[in-house]
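Only one chain is included here, represented as structure tokens and corresponding to the form predicted alone.
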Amino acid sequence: MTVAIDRATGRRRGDRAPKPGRVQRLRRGYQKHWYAYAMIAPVVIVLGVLVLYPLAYGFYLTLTDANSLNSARTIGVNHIDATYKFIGFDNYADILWGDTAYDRFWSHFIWTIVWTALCVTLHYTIGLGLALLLNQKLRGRTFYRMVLILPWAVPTFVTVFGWRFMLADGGIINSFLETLHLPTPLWLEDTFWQRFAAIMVNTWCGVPFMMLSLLGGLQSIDSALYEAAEMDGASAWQRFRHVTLPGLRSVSSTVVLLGVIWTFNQFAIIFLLFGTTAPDAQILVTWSYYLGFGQQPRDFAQSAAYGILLLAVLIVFTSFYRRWLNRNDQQLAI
């Protein structure tokens, strides 16, 4: 048996070349794709300046006792240096396990979870119902679509201020209830009705997006599947359950995840509807704003800690949600 040997390298022919190191692979990748790196560099820089730096600085503030009294500030021509101290993870311990942890964090956390679950559920169910109707061959379907998308097209602050006027004590809603001799709730004063009003307004603003997304998903389902199911004697409910819902699976998983993230961090509706006058109706993001900018002294450290906790909750939820979806996809594939 003879073995051919390359005289230049001294290796036997057929042997695999050694695997290049990480630095060499990076160098080759850069030489091959330098144009792509050059194109995305501005985006990376902008994200670093607008997202990564504030996030890193906010996390640093959570490890201090920074507030409006000991932070660096300029009064007239006089500059006052910062005097806050590094205190480690004391802010997180105080928020989660301190003497006032329930009033300052857990009560708002529970309400935020309830708020998110109810709003996303209403967005999806109402949006799916409207999408199913608009997917039918109706006269004036284009007009209905235009009308139903208006709450999403109108700027949020205009919508919320309109609802605020209607929900006031002398607003059109209470006036209408009075004509029917029904009780007139204190929409903007009582805690229960404040929360009810917030969910109602957020549902009004969020349903159009869900409706459009699901309508697009419905139109992508092959009509032959419905025809085959109908020929097999499937009822309307069976067609919906075994054809429509599986066909909407990819769209539904995406819009539900986006809905949870957006609703969990929904600042505009709560703040514009109540400002800082409804402490029990504040979700975590608006309560964090109140701590940092709505009270005196302004507690920057605790406000930043709330922001980091919000981010952690969403990261954990997203990871578990994606894992659950992947597991269900694998089971369906089997």
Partner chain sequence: MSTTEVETSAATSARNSPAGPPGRTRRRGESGPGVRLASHGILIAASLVALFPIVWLVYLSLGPDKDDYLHPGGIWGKMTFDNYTFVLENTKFFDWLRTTLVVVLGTTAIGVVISATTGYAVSRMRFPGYRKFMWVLLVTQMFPVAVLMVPMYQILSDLQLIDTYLGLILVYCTTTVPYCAWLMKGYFDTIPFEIDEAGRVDGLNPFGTFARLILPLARPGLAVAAFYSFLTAFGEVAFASTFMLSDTKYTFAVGLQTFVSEHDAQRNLMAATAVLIAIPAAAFFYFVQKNLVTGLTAGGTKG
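Numbering follows the first chain given and starts at 1. If you superpose the two forms and keep the largest set of C-alpha atoms that fall within 1.5 Å, you have the rigid core. No experiment lies behind these values; they were computed from the predicted model shown.
Beyond the structure shown, there is the form predicted in complex with the partner chain, which is absent from this document and is the topic of what follows.
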Checklist line | Three-residue site 85, 98 and 113 fully in contact with the partner chain in the predicted bound form at 4.5 Å by heavy atom | finding: no
Item checked: the partner chain in the predicted bound form: contacting segment from 161 to 169, 85 to 93, 177 to 185, 99 to 107, heavy atom within 4.5 Å -> 161 to 169
Check: Even though the partner chain is not shown here, does residue 120 get within 4.5 Å of it in the predicted bound form, heavy atoms only?
Finding: no
Check: Given that the partner is absent here, does residue 194 sit within 4.5 Å of the partner chain in the predicted bound form, heavy atoms only?
Finding: no
Checklist line | 4.5 angstroms heavy atom contact with the partner chain in the predicted bound form for residue 263 | finding: no
Note to self: How about residue 308 - does it come within 4.5 Å of the partner chain in the predicted bound form, if we only consider non-hydrogen atoms?
What the structure shows: yes
Next item on the list: Note that the partner chain is not shown here; using its position in the predicted bound form, name the residues of 109 to 148 with a heavy atom within 4.5 Å of it, in sequence order.
Entry: 122, 125, 126, 129, 130, 132, 133, 134, 135, 136, 137, 138, 139, 144, 145, 146, 147, 148
Note to self: Rigid core superposed, CA of residue 277 - does it shift 2 Å or more between this form and the one not shown?
What the structure shows: no
Next item on the list: For residue 267, decide whether the Cα shift between this form and the one not shown is 2 Å or greater, given a superposition on the rigid core.
Entry: no
